[in-house]
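A single chain, nothing else alongside it, follows as structure tokens in the form predicted alone.
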């Protein structure tokens, strides 16, 4: 369980002057937040290197699913960085908005995710998420998943990480860097794990 202790913002959709935060936590962001994947402090070129950063986790047999919302509420905030000089001039715009609205997620919102590993994992008590590096608290419960097959997964999953794409789903989120879906179903049973009544499909980072 992940509980926010601060306002969380990342832009998953922009509607005019409003940048919205989707009610989810991407599994690649969680891998970095847990310090399982490490990104260098300095990037000479602003280009993501998810494959290089996340592949070592595949070799160690570690995978974390995207976090599904359990209880999420939003708040709309306004920002305004318009300069206030006595003389107003109109220079060429750089394309950065200087005012608008941010729809962020409130503190107290909770998410649920699953992490798989061949060996015991260590989790930090708190992690940082989103554009503002917002603090979130973790509650970890160790379970013993059973290997098996299934056709329906109620949890949030990353389509990019699956060996077999679901046939149906109830919700899809077009977020970067990859799409996430909920309520996935396959026509035929696929390999995976059972955690109680929840089926989780086989997945590794950046499968295709």
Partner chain sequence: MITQTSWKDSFVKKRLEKQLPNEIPLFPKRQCVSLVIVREFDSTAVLTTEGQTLDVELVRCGRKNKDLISRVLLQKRKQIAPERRTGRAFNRDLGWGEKCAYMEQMCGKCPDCLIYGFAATSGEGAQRSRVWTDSGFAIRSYEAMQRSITLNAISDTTRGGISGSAFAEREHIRPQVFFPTIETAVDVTPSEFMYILRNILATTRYGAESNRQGFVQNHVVAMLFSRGEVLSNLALTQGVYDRLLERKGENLNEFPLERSEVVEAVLDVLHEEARESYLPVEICAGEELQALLASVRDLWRSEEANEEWLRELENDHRAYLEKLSK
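Residue numbers count along the first chain shown, from 1. Computed from a predicted model, the values in this text were never measured in an experiment.
The form predicted in complex with the partner chain exists for this protein as well; it is not shown, and the discussion that follows is about that form.
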Quiz item: Is the partner chain in the model of the complex near all of 151, 174 and 186, within 4.5 Å of a heavy atom of each?
Solution: no
Exercise. Could you tell me which stretch in 62-70, 37-45, 155-163, 142-150 has residues with non-hydrogen atoms within 4.5 Å of the partner chain in the model of the complex?
Key: 37-45
Quiz item: Going by a heavy atom distance of 4.5 Å, is residue 81 a contact of the partner chain in the model of the complex?
Solution: yes
Quiz item: Would residue 6 count as touching the partner chain in the model of the complex under a 4.5 Å heavy atom rule?
Solution: yes
Quiz item: If you check in the model of the complex, is residue 98 within 4.5 Å of the partner chain, heavy atoms only?
Solution: yes
Practice problem: Would you check, heavy atoms only and a 4.5 Å threshold, whether residue 134 touches the partner chain in the model of the complex? | Solution: yes
